[in-house]
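A single chain comes next, written as structure tokens; it is the form predicted on its own.
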């Protein structure tokens, strides 16, 4: 994997305040001396409250900032509590996570996710498109059927996919500490890449410094979407370092 251009995306979820941004100084310092920094793309996706201050904090560094979700509209409107792609971009975001299982579980449909992806790409944001199956779906052996549906409906009528990366996050793995078996994960990533040609596919789901040595051996993975472990700068740095060692 050392010859590949790798993504490391930190999904902070509902975590962090202004003082938390101080930890980024350690990551910025690390990237300045890390010999493989030119092969990495580091993206932090904090809560919306931190997008602007974080974008200022990482200015002139190798870190870019993303959002965790957005409204599907590109115009202002009466949607209390919502933030559209243009507002995120104005705040300093370059990326946005869409289709995350936690939002799907809250009611987001493939149709809505598709609308969000269209608006986000039109606004100039790059999209981290999450897909994944539940434990019940895995046990029924319909993982590929579910992923195929999510990809087909989520990317419907989106011809230019150069600003989209896919993050495969099996729902049963997120926060459980359990990751797919290597052969299964390789096969699933391969299936996604055949379904959507010329697109980067990342893995997410309980990625941590302990299992990264196993995950990095799966040759067709283009990077990692890291949840809880990314909130600790030491763990996040450790994940990046071990990926190349």
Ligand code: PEP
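Since this is a predicted model, take the numbers as computed values, not measurements. Residue numbers count along the first chain shown, from 1.
Quick note: we don't show the form predicted together with phosphoenolpyruvate, though the next part is all about it.
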From the list 123, 173, 84, 143, which entry has a heavy atom within 4.5 Å of phosphoenolpyruvate in the predicted complex? 173
None of 55, 206, 40, 68 but one has a heavy atom within 4.5 Å of phosphoenolpyruvate in the predicted complex; the exception is 206
Quick check on residue 228: any heavy atom within 4.5 Å of phosphoenolpyruvate in the predicted complex? yes
Is residue 235 close enough to phosphoenolpyruvate in the predicted complex to count, meaning some heavy atom within 4.5 Å? no
Can residue 100 be called a contact residue for phosphoenolpyruvate in the predicted complex at 4.5 Å between heavy atoms? yes
Determine whether any heavy atom of residue 169 comes within 4.5 Å of a heavy atom of phosphoenolpyruvate in the predicted complex, and answer yes or no. yes
Quick check for you: of 60 to 68, 45 to 53, 192 to 200, 174 to 182, which stretch puts a non-hydrogen atom within 4.5 Å of phosphoenolpyruvate in the predicted complex? 174 to 182
In the predicted complex, which residues of 4 to 30 put a heavy atom within 4.5 Å of phosphoenolpyruvate? 11, 13
